[in-house]
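Two forms, one protein chain; structure tokens for each follow separately as structure 1 and structure 2.
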Structure 1
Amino acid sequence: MLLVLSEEHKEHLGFLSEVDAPVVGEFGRIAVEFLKKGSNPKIFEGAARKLNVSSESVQHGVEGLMYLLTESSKLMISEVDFQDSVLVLGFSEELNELLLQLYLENRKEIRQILSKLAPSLPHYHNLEWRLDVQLASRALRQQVKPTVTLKLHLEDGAKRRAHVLQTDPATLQHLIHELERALAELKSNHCRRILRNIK
């Protein structure tokens, strides 16, 4: 699957052919750092001064590289497709090789970062539990009533919430039974067939 680059993108990346190979390597490293930790505009100023060009062209170059890397990693394009897509920019052999190496080395990590951007439901963080026996209340003495108190901690992005639940042991048994059935469903023939067909 080929990557189709917009005119503006090609223009931004065109700047890279005007500088030396080590500089492109440095830009590549900066682009990956920005993808991992967020961008830092001050670096553009420093680089622009050293290369004697406007900081805007440096910024476009680095951002163009970042976009190229994220799009390629997102679509998980093969080496050949990447090389063909980059060919259209008209770079030198050396530059194409450099970009390919940059892509292959960082692909896995970029995909990991991208996977965290998908919307998600609150998920399990921690479960605390306690087994109590109610012996008496204001209304009734001499009781024996076991209860299980649960505190379910959920995490949703940065927020943490705790839910307090209470149940009697019979309901808890039923809950465990239902959850075990859900797990066992994974081993059924139907699920196995589907999992086998997903590469």
Structure 2
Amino acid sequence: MLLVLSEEHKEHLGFLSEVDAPVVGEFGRIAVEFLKKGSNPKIFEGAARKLNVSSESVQHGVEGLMYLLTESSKLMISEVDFQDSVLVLGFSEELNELLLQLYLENRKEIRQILSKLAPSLPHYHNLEWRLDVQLASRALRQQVKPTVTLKLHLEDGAKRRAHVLQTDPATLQHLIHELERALAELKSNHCRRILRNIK
């Protein structure tokens, strides 16, 4: 599986071809540190002074490298696929080899970091439902009052919980409509980019 990089990421990674191999290695170390502890603007400024470039260029280079390593680690792409993915960047053979080494040395650690960052939320296990219709009461002899009762079973690790919900069909119809809209939104390019970065 090849990693597809946007033009923006290619542009950010292009900065790596302008610096020496040891600097790229240091950027790789910084990228992994940032995954663990979060970014630190002072590091960008210090590296920018040493390299005589803007701190924004350094930041983009490190973030581009961090994206390359996290996406590759997340998908667990093979060495050959990683090399083919990086080939489109037009780097020298030495830089491509250095990026491959960075990936191979850090992919397990990056996967561990990403797994800790993933939220642990209860998820769907089962749903039971019942439709009740009240046709008459002492006060009102002819009426139609439908009620939908849902029993939602959620699983959180080894624990299972059940939630009982009751609603009328109109509210349920509105809820279904909103969920369908959310699913459609989830398929949009913008959401896919965000989800890729979250995972």
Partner chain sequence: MRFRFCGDLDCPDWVLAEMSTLARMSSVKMKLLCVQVIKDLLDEDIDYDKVSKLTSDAKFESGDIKASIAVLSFILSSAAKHDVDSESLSSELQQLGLPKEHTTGLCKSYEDKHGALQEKLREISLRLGRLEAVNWRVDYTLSSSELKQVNEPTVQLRLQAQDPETDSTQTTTVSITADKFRVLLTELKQAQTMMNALQ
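Just so we're on the same page, rigid core means the largest C-alpha set that superposes within 1.5 Å between forms. By convention here, residues take numbers in order along the sequence of structure 1, the first being 1. Everything numeric here is computed off the predicted structure, so don't read it as measured data.
Between structures 1 and 2, only structure 1 derives from the form predicted in complex with its partner chain. Comparing the forms between structure 1 and structure 2 on their rigid core, the Cα displacement of Glu63 stays under 2 Å.
Core-superposed comparison between structure 1 and structure 2: the C-alpha position of Lys10 differs by less than 2 Å.
Core-aligned CA deviation for Leu127 between structure 1 and structure 2: 2 Å or greater.
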